[in-house]
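First comes one chain, alone, set out as structure tokens in the form predicted on its own.
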């Protein structure tokens, strides 16, 4: 599939239970210095969860937030967001809380508890921070979005279970646009919903299917600074791109090359390199397998968490789509 507005740039990642590499990365953020923070969710079997930190040139730095229930640990982390001071906020759907770390990974505090009342969670997932520093959190199984101050004080909420406008069925990802408008990946309803900063329904995009503008369990949504909308179309193994007017612009399906870490591994493990050559699955290897989240920066980079292939695929935006 040819790309009109994007050029594949590079891949970061390799399957790894510790150190450099990822294990089912589900979310990521760039900090104020352009350093990449990646959240590995892993699975309940190997307990390899962590936030790993590296440059976009694949220089591994450090990790934190490994498996456990003690303060400073995570068990089933779902999303991360960084504030203006590069503090790292992490939602955990097993502990129904939010943990906060400084930029170096030092634990600061955590808040939240299980329940359905104001300020309580039932498996919190996506997070986004508004222009005032408040946090919008998708309360996954409570089918709502809650707004908090950075210290965990409940401010407001909106949403309920259902299939109508403004209703949710297993919502997951969230993004805020330049005006603090709220965009939600409504996972089981196979759509993206848009709301005002106060939670008033604005519009809906998408329906069930595999065609342009259709979704099969969208997990992540991201609105870039210029208003381009990216949707991680999870079970269709692709990322769809839309202009600010909601029109479908492009579909990314994955173009990965070997990452720096993977190439170095194969160079010192010839038996693994020989197995890969023998398998000959090079075209399949390039493609996304359950992409989960998108991040962009002001230099036109588009980063996509390719969750089940344990890597981040990076594109360079080559043209800016018209906005309205």
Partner chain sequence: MTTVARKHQDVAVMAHLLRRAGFGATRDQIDQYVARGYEETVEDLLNPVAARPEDQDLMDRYFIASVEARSVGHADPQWSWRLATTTKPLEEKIALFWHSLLAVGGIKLDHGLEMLTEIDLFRRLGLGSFRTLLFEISRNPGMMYWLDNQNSHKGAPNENYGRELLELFSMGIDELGEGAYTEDDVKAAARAFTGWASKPTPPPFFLGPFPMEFRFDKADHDNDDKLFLGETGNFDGGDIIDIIVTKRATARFVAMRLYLFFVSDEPDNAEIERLSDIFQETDGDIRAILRSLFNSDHFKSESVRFRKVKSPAELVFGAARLADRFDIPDMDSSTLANQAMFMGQHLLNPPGVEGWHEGEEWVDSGSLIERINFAASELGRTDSTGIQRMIELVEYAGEGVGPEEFVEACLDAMGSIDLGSGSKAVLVEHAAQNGPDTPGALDGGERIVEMFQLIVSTPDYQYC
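Positions refer to the first chain, counted from 1. Note that the structure is predicted; figures quoted are calculated from it, not measured.
This protein has a second form, the form predicted together with the partner chain, left out of what is shown; the following refers to that one.
A.B. asks: Quick one: does residue 75 come within 4.5 Å of the partner chain in the model of the complex, counting heavy atoms only?
C.D. replies: Flag for residue 75 set to yes.
A.B. asks: Would residue 36 show up as a contact with the partner chain in the model of the complex if we use heavy atoms at 4.5 Å?
C.D. replies: Outside the cut-off, so no.
A.B. asks: Please tell me whether any heavy atom belonging to residue 9 falls inside 4.5 Å of a heavy atom of the partner chain, as the geometry stands in the model of the complex.
C.D. replies: No.
A.B. asks: In the model of the complex, is there a heavy atom of the partner chain that lies within 4.5 Å of any heavy atom of residue 171, even though the partner is absent here?
C.D. replies: Yes, residue 171 lies within 4.5 Å of the partner chain in the model of the complex.
A.B. asks: Report whether all of 50, 110 and 312 sit within 4.5 Å of the partner chain in the model of the complex, measuring from non-hydrogen atoms.
C.D. replies: So, no: the whole triplet misses the partner chain.
A.B. asks: Determine which one of 197 to 205, 224 to 232, 87 to 95, 158 to 166 lies within 4.5 Å of the partner chain in the model of the complex, judging by heavy atom distances; exactly one does.
C.D. replies: So the stretch in question is 87 to 95.
A.B. asks: Within 4.5 Å of the partner chain in the model of the complex, heavy atoms considered, which of 217, 147, 144, 248?
C.D. replies: Of 217, 147, 144, 248, the residue with a heavy atom within 4.5 Å of the partner chain in the model of the complex is 217.
A.B. asks: Which residues from 283 to 312 come close to the partner chain in the model of the complex, meaning a heavy atom within 4.5 Å?
C.D. replies: Stretch hits, in order: 284, 285, 289, 290, 307, 308, 309, 310, 311.
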